[in-house]
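There is one chain below, alone, in structure tokens, taken in the form predicted on its own.
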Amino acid sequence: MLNRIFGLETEYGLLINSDDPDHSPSWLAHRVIDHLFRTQHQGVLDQHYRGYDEPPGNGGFLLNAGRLYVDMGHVEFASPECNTLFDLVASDRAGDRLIQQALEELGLGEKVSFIKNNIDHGTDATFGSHENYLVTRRFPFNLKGLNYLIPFLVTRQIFTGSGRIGAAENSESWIPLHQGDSKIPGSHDASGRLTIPYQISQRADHIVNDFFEWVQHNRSIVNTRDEPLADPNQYRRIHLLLGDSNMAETATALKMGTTGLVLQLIEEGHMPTGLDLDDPVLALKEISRDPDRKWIVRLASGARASAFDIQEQFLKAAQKHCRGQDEETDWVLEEWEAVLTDLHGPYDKLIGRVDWASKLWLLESFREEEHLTWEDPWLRSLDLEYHNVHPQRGLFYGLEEEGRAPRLTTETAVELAIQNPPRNTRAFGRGELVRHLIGKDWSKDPPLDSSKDRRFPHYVINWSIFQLRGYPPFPMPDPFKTYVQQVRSHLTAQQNQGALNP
């Protein structure tokens, strides 16, 4: 994709297959981290505090230059910086594979499951799949500029949503949704409980604002904190909270690729206009919960429009201004048009490419075969199993085995992405650093000159800078540069200095 760095952050649900578990999900999450870093040496653990909730040893950078850590009790994988959708999808799958392999090696594969979804049916809790897009500092990061993005983001769920049974009754201790706003669609049973058999998005119920700076408790469509993780004079990072975790490779690539193209339209001044939504948060829920899948929303002008209409306007603008710029862009444009066309027909035409449709087909087939109602707990269990990252147990992987879900990657590419970063971004240089630190004998470090040095950890690694104890910081401000030769030279100089100071 043209001038774009992508990244995904995935928080995994952890399901203990026991009514009387021996350990908590949080304990098991830390057990997986310890196994991967301390036993399997797949990366190096942080030796410094990243905040009050991330002490040393909570996680670290991997050989593939991504980060694996525990966040609010969840294992979270942040992909390395990727310049292509192929690399991003391969890295995303590598994260799934890495944590599943850890369960198997720990002997927990039959007792514990990692679930790549965004909701807990029992508690209404949500956990995220955050998207990151690098833009230049010239991007109009203001209300006017970001408002161009909102109609696209709210309506893209028709092909990016992962689907779910039911609805959240209570969003982060707010007033229950069915009591707080009678406009939000959904029926109620005799006791007044909200009943939604099936909706297309998992995160829609938990988004309560269009723009907000913080991530938790007031989740917004666009997170507005200014944290570029790069040179702040040149770059910004668009950080999105509204998306679902995807199992289908096509859905992941389309989610990121179409959003990247819309950001390009905004950067270049080619975005469609007149699509502002009257109430974006309400529209997000209306689309997700529409049982007829007509997906009609109200615009700020008072007119009504469908999600199809809005998406097709963005598609036409991207076709006009972006077609032909590179092979990956053309693939996104072709798949975007194809999925919108197929969405006009029966949803089973989307099996394997769109997660909500794939899951709905599986659940409907099972429900009819077993004569179940939508309230049956068996269906909720299958809802979770669709997202199980165990290759032999996850229901989505069954679709792949049957040839019903197209692959963008290969098994070889995913295996390579477990221990190797993309070679055309800053991740390459960081991967070299991690590989060096894994094999380093710290006893051969040069003697420490001061008590200040003694308090400094052996190394500190962040996304855009690192420092080894006793040596100057090494900044990596440009995610488009690999820094690999510079990192190698820096490490060689450090080794040579150590040899001169036995």
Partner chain sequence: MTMSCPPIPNDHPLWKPDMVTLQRRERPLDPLPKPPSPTEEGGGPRRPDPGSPEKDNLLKRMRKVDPKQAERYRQRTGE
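Remember, it's a predicted structure, so these values are computed and weren't measured experimentally. Residue numbers count along the first chain shown, from 1.
Note that the form predicted together with its partner chain isn't included here; everything after this is about it.
- Message: So, a 4.5 angstroms cut-off on heavy atom distances: do all three of 18, 138 and 325 pass it with respect to its partner chain in the predicted bound form?
- Response: Contact check passed for all of 18, 138 and 325.
Using a 4.5 Å heavy atom cut-off, which of 384-392, 296-304, 151-159, 251-259 contacts its partner chain in the predicted bound form? Contact-bearing stretch, as computed: 384-392.
Examine residue 201 and determine whether its closest non-hydrogen atom to its partner chain in the predicted bound form is within 4.5 angstroms. No, residue 201 stays farther than 4.5 Å from its partner chain in the predicted bound form.
Indicate whether its partner chain has at least one heavy atom within 4.5 Å of a heavy atom of residue 211 in the predicted bound form.
-> Answer no; every heavy atom of residue 211 is more than 4.5 Å from its partner chain in the predicted bound form.
message: residue 373 versus its partner chain, in the predicted bound form: is there a non-hydrogen atom within 4.5 Å?
response: Outside the cut-off, so no.
Its partner chain contact at residue 340 in the predicted bound form, heavy atom, 4.5 Å = Residue-level check for residue 340: no, no contact with its partner chain.
Review point. With its partner chain left out of view, which of 109, 145, 291, 274 would have a heavy atom within 4.5 Å of it in the predicted bound form?
Key: The option sitting close enough to the partner is 145.
Work out which of 196, 399, 282, 333 lies within 4.5 Å of its partner chain in the predicted bound form, going by heavy atoms.
Of the candidates 196, 399, 282, 333, 399 is the one lying within 4.5 Å of its partner chain in the predicted bound form.
query = Can you name the residues of 240-274 that have a heavy atom within 4.5 Å of its partner chain in the predicted bound form?
reply = 266, 267, 268, 269, 271 sit within 4.5 Å of the partner.
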